[in-house]
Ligand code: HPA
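Coming up is one lone chain in C-alpha cells, specifically the form predicted on its own.
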C-alpha cells in the first residue's frame, strides 16, 4: 500500500496536483460544487496509476484540482464503495493519496436514508458522529506506522469547529440544517423496515453505504474531517416507502445547489 500510494502521489505531482488545502469527496448532493471550482487539472481515474474505477451510475470518475476563492482543492468526482467489489483498503486509497499530496482537511458528502422523525427528503444533515457497521475495517491487518498509529482515537472523528462554522454559514444563508449520527452498512440493498428500525434503535439518525471507511483512514493519518449527508429517502417509524437508486439521485440533486453553495462558502471563509 505504501509503495502504491507514493507512486500515485508522484504521478499526480508531476501532473500539477500540488499542495491542496482541502480534499473533497463529491458524493451525492455535492456534484454542483464542480461548477464553482476554477479547475486547473482534471484526470480520469482510469489514467491514474493504482486508482480503482468507479462503477456506480452518477459517479463520473475524475480527479479534479483547482481553486475555490484562494483555497486549492482536490476533489474525487465519484467515490469507491465496498459493495462494488473493491477491498476496503481500495475504497480508502484516494484518501491516503490526498494526505500525501498535502491535504490536512477532508470534506465528505453522501446520500442517506433518514430515520429521524424530524427529517424530510432533501434535508441536509451535518454529521456529528458515526456508527461503523461495515463488515470490514480499513485498518484491519498489519499496521504501517508510516500512515499512522495502530490504535486510532475516534472521539473527534468529525471536527467540532468545522461543524460550528458550517452551522453559522447555514444560518447566515437562511438554510435549515440538522445535526446527527450516520450509520454505515455494507449495501448495496436499501434497508428493510426492520433494518431501519435497527438503525433507529442503535442511535443513528440516518444510514448509508459509504463515508465511514474514508473518515477512519483520514483519522488514522491525522486529518481533520467534516461530513454532510443529504436525506434522500425515509425510514422513520410508520413511514418506509419503496426506493430506487434513481429516486435517491433525484432527491440528492434537489439539494445540490444549496449544499454546494454552503460548502464553497465554508472553504472560502
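Positions refer to the first chain, counted from 1. Only a predicted model underlies this, so the values are computations on that prediction, with no experimental measurement involved.
A second form of this protein, the form predicted together with hypoxanthine (HPA), is not displayed here; the remarks below concern that form.
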Answer among 183-191, 161-169, 133-141, 95-103 for heavy atoms within 4.5 Å of hypoxanthine (HPA) in the model of the complex: the stretch 183-191
Of 225, 228, 209, 26, the only residue with a heavy atom within 4.5 Å of hypoxanthine (HPA) in the model of the complex is 209
As a check of understanding, the residue in 107, 125, 111, 74 with any heavy atom within 4.5 Å of hypoxanthine (HPA) in the model of the complex should be identified as 111
- Task: Consider residue 233 of the chain shown here, and say whether it contacts hypoxanthine (HPA) in the model of the complex, taking contact as heavy atoms within 4.5 Å.
- Result: yes
Practice prompt. Look up in the model of the complex whether residue 196 has a non-hydrogen atom within 4.5 angstroms of hypoxanthine (HPA), and give yes or no.
Written response: yes
Restricting to 136-175, the residues within 4.5 Å of hypoxanthine (HPA) in the model of the complex through any heavy atom are none
